[in-house]
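Quick heads-up: it's one chain on its own, the form predicted on its own, in structure tokens.
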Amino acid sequence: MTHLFKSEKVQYLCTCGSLKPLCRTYFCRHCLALKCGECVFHEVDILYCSNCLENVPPGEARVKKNQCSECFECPVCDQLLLTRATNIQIPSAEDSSKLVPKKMFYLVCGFCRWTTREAGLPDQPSATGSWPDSDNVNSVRVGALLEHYRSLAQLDKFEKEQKRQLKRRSNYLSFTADKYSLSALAARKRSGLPFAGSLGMKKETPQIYKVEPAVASEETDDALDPDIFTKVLTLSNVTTIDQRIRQPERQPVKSEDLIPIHKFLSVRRSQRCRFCEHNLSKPEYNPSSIKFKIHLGAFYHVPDVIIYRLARDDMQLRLCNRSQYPTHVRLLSLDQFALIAHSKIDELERSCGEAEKEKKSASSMVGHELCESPATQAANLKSCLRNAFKEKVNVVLQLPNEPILLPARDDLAEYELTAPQNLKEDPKAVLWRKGNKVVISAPLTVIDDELEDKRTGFVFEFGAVRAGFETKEVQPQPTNVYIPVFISLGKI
């Protein structure tokens, strides 16, 4: 959080080159890289109704068209419909001359007060009554088209698989023709003749589901009422475009034809890193739980930068470390980062040459080996350097030269008034500190006064502990991570 209502002021540069606030990013503790929602895999864990919190299996949700069978939404204002009970008098089963009360149920919207009685729907004897569904008059035609295109997709998949197998066979024959006398089979293949014997089981070619083509007709069922130009139009009796789109199978024109809409299901999804395929976020399977099994939000692992005060020639930044490990933070200008990055890239490329002598390719690496490989680290630094210099800045900051210590998060330290002692820091750079928070001073110099919106940037260097190395016996060694940060200062 960089500001209470404006989180876009301070943005962090993701590995894909997009700028995001810290609260909308993830931090992969295996790759030690910042990830946004566009550079992660999204996987659906469960489907559930957000009203009744019923967990629906994927097969059942597909049959129900991703809708809850018991919860309904108002067709007028999209709010949730509530069930109301009422008593009616009906003839007794024993004596028809006597009337006995019977409880009946109907649906009502708590926002616009729309009820199912306005649509002419009868009251139901149970709270979860079988309310009428919107039947599609063209369901047979739509089902036939879906089956036709499904068969086309299966045929296309079958042809691609056949081509892949033929390519595999051709490579196999080219290497083994001389050794095992398979030149005759290769010659038959080149000439287009079928193989004398099959090397594997043949699969049947899927058949295309035939569907009758549509025939154009001059007659339409959606003819306008002849009195539409003579009668006075009442807008409350006519549905809007949004109301018709919400019921595409019926598309009612009059408000009295609106019926309750089944509430669509919600999903809980998990995010996975595209590079190392480790989970970054995984929620609980219980729909009523708001906890996470795995939650690697960057807000809890990357130091947060907040604009504390801003003046014409000076800016104060507040740094906050919410991780469980203390870290040393160093703020670098873009030019300083370029020099450091080039030297590190050269060192990593020399390490890559030594790794090639061992003949260990990237395809044979798995897990942390791929994340820690010199080639991966060099590629990450190159992309970070390339993306950082794509952004334009017109304000230069005078940043502290020495690293700044940020203690680990401690909830008890929030109530302590004393600051850590014996810290050799420049009092002009570090103004004050409390717990895991530090406020630093960064004088600024405007380069271009023509542009009204001022923008500055720097690179954040901090030590992060890689996942899997947290042991009580051995102190985890942090790895330096570089993340560019850009701040929009506005008009100053």
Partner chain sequence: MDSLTLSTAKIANGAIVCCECDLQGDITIGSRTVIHPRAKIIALSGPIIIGENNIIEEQVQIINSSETTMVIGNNNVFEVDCHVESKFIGDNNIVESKAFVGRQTSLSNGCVIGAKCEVLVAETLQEGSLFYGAGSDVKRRVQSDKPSAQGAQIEFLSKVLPNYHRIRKPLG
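Whichever C-alpha set is largest while still superposing within 1.5 Å between the two forms counts as the rigid core. Positions refer to the first chain, counted from 1. Computed from a prediction, not measured in an experiment: that's the story for all the values here.
Quick note: we don't show the form predicted in complex with the partner chain, though the next part is all about it.
Colleague: Heavy atom to heavy atom, is C112 within 4.5 Å of the partner chain in the model of the complex?
Modeller: Output for C112 is yes: heavy atoms within 4.5 Å of the partner chain.
Colleague: Heavy atom to heavy atom, is Q207 within 4.5 Å of the partner chain in the model of the complex?
Modeller: The answer is no: Q207 has no heavy atom within 4.5 Å of the partner chain.
Colleague: Could you confirm whether Q89 comes within 4.5 Å of the partner chain in the model of the complex, counting heavy atoms only?
Modeller: Judged by the heavy-atom cut-off of 4.5 Å, Q89 is well away from the partner chain in the model of the complex.
Colleague: Should C77 be counted as a contact of the partner chain in the model of the complex, where contact means heavy atoms within 4.5 Å?
Modeller: Yes, C77 lies within 4.5 Å of the partner chain in the model of the complex.
Colleague: Report the stretch among 332-340, 114-122, 136-144, 265-273 that approaches the partner chain in the model of the complex to within 4.5 Å, counting heavy atoms only.
Modeller: One stretch meets the cut-off, namely 114-122.
Colleague: Would you mind picking the one in S236, S97, S288, T230 that has a heavy atom within 4.5 Å of the partner chain in the model of the complex?
Modeller: Contact with the partner chain in the model of the complex is made by S236 alone.
Colleague: Honestly, after the rigid core fit, is A119 moving at least 2 Å at Cα between this form and the one not shown?
Modeller: Comparing forms between this form and the one not shown, the A119 CA shifts at least 2 Å.
Colleague: Core-aligned, is the CA shift for S236 between this form and the one not shown 2 angstroms or more?
Modeller: After core superposition, the displacement of the S236 C-alpha between this form and the one not shown reaches the 2 Å mark, so yes.
Colleague: Taking the rigid core as reference, does the Cα of L339 move 2 Å or more between this form and the one not shown?
Modeller: Stays below the 2 Å threshold, so no.
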